[in-house]
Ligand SMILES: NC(=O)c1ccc[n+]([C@@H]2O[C@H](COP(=O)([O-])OP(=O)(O)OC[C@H]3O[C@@H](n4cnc5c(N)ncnc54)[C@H](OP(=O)(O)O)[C@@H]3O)[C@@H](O)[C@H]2O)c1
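Given as structure tokens, the chain that follows is alone and in the form predicted alone.
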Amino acid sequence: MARRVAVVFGGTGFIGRHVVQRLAKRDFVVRVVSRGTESARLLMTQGMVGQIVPLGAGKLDDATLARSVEGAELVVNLIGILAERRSGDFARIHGELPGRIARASAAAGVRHLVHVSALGAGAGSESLYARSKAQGEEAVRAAFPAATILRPSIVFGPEDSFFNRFAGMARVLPVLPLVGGGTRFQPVYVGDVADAVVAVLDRPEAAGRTYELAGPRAASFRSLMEYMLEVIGRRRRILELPEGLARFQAGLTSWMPNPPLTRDQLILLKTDNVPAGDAPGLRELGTEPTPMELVVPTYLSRFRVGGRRTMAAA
């Protein structure tokens, strides 16, 4: 009997690595589609010999997409960016590519398509990021009506770019600059997001639905930073930057490959990033949301004075 095949676009990323691991445990042959195969090769130890197959796809043209999804039962799209390197990147990567993946999946007879979008996606948003995410969802629905769309809030976990990033700043800076301290988030654990992706396989009712994935409680940006400082045992003054100064800083650093702040992110920080309340979530996919207090201290301990040993002794 032929083994079941799953394809994960963006499988070498933060969420993707957890998804690949779970699919391997479900005995899927997992094709990991990424720009280069080197990072995907590191995932091969998560499965048996030949079970995890790296597919290098520097250019995701239609022919490459068709080859990637051929014979697959499940296709997962996790490709996304936080900032544009070139004008139009959001439209190409978030808006157009998901629709092209969905069309290729439909043509190949794929049974399940999971598209991971973002909480706050909206066609009427001032943010290019949020609008492009909404455009991608619309394109997926048009090409593959039975697709399941997942909208996570900020995702936390051992390799996240949220708590780790600010903890790193707190280790070297005397103050912690902040923009949008009153904005509310509902961080969701990366393992829960990966579980939600895999749960779609066992839930026929998930076809054609959109789920908003969030943790068990909402908190302001400022209170999340206060919690992070408490975890790493460092006292730092949290300095709320005026919007004008923040816009000036964003303009200065926008040329960087991984800018600390962009003007589009400033727009996003004006709106709460929490579930609207009228969409199903993790519980409807069989997962109880994991409190951040159970996970965050386990990986932020390296930022404490004295490191993990100090925390263990505390």
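Please read all numbers here as calculations on a predicted model, not as lab measurements. Start at 1 and count along the sequence shown; that's the residue number.
The discussion below concerns the form predicted together with this ligand, not included here.
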item	value
Any non-hydrogen atom of residue 60 within 4.5 angstroms of this ligand in the predicted complex	yes
Close approach of residue 129 to this ligand in the predicted complex, 4.5 Å, heavy atom	yes
Residue contact check: residue 99 to this ligand in the predicted complex, 4.5 Å heavy atom	no
Heavy atom of residue 117 within 4.5 Å of this ligand in the predicted complex	yes
All of 189, 275 and 281 with a heavy atom within 4.5 Å of this ligand in the predicted complex	no
Listed residue (104, 224, 74, 155) with a non-hydrogen atom within 4.5 angstroms of this ligand in the predicted complex	155
Proximity to this ligand in the predicted complex, single hit among 143, 108, 93, 201 (heavy atom within 4.5 Å)	93
Location of this ligand contact in the predicted complex, chosen stretch of 214 to 222, 229 to 237, 177 to 185, 74 to 82 [non-hydrogen atom, 4.5 Å]	74 to 82
